[in-house]
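Next up is one chain by itself, shown in structure tokens, the form predicted on its own.
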Amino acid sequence: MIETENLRKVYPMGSFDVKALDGVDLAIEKKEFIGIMGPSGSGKTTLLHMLGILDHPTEGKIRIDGTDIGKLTDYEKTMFRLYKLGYVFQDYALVPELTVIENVSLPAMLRTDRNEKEYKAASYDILQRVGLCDRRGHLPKELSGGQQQRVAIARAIVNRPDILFADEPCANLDTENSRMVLNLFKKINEEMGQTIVMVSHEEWHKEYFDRIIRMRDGKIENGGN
């Protein structure tokens, strides 16, 4: 599903360079629930952004479902993200002026292979899966933090992406709401066959992961395979 070869990311910082990623080789299989863990500054989020095509590496290759991402044009990368990938961030990133179902519908509206009836039906179905159908007409400010993150998850999977990327999705949540989100991820992973790659700094989260990729100083400590 995902493979990298000698993945490097270097950020110029004045007179010296910072190696955010330093030769990462990994393989992630379809339907795996992967946790990327490690201390602050180890390269977790940088790796997630590379795999999710939100940034480009300085060196190395990324292949997703057999596609060499480095050979795609900017437009092709945009379409690849829209049709193949989903994203959940720690700050929810919901549009405050839109209702819950309107927020969820945004990615589905951008697809050219769905009409209005189809994307509205898909949005309704996903909200049922995350248990928020009764809140579909509410604005984000009328929801709790945990509910807002569940809306963000629904938006991320409304297009049924091959891979869901989550960057510390529980960072702003208490333990109860964190478990609710992680239980939802596990349910999506098992019932929908969803491949999930999640960055986390909480050790107790590892009970949810099929496998953990541990990072330190831009390198993978445990092989990544």
Ligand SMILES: Nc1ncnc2c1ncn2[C@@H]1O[C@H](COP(=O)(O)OP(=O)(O)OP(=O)(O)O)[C@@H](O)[C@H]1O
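Residue indices: 1-based, along the sequence shown. Not measured: the values here are computed from a predicted model.
Quick note: we don't show the form predicted together with the named molecule, though the next part is all about it.
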query	finding
Location of the named molecule contact in the model of the complex, chosen stretch of 26-34, 157-165, 44-52, 176-184 [non-hydrogen atom, 4.5 Å]	44-52
In the model of the complex, G66 touching the named molecule (heavy atom, 4.5 Å)	no
Contact test in the model of the complex: I213 vs the named molecule, heavy atoms, 4.5 Å	no
The named molecule contact at P39 in the model of the complex, heavy atom, 4.5 Å	yes
The named molecule contact in the model of the complex: W204, any heavy atom under 4.5 Å	no
Residues within 4.5 Å of the named molecule in the model of the complex, restricted to 1-32 and counted by heavy atom	Y11, M13, V18, A20
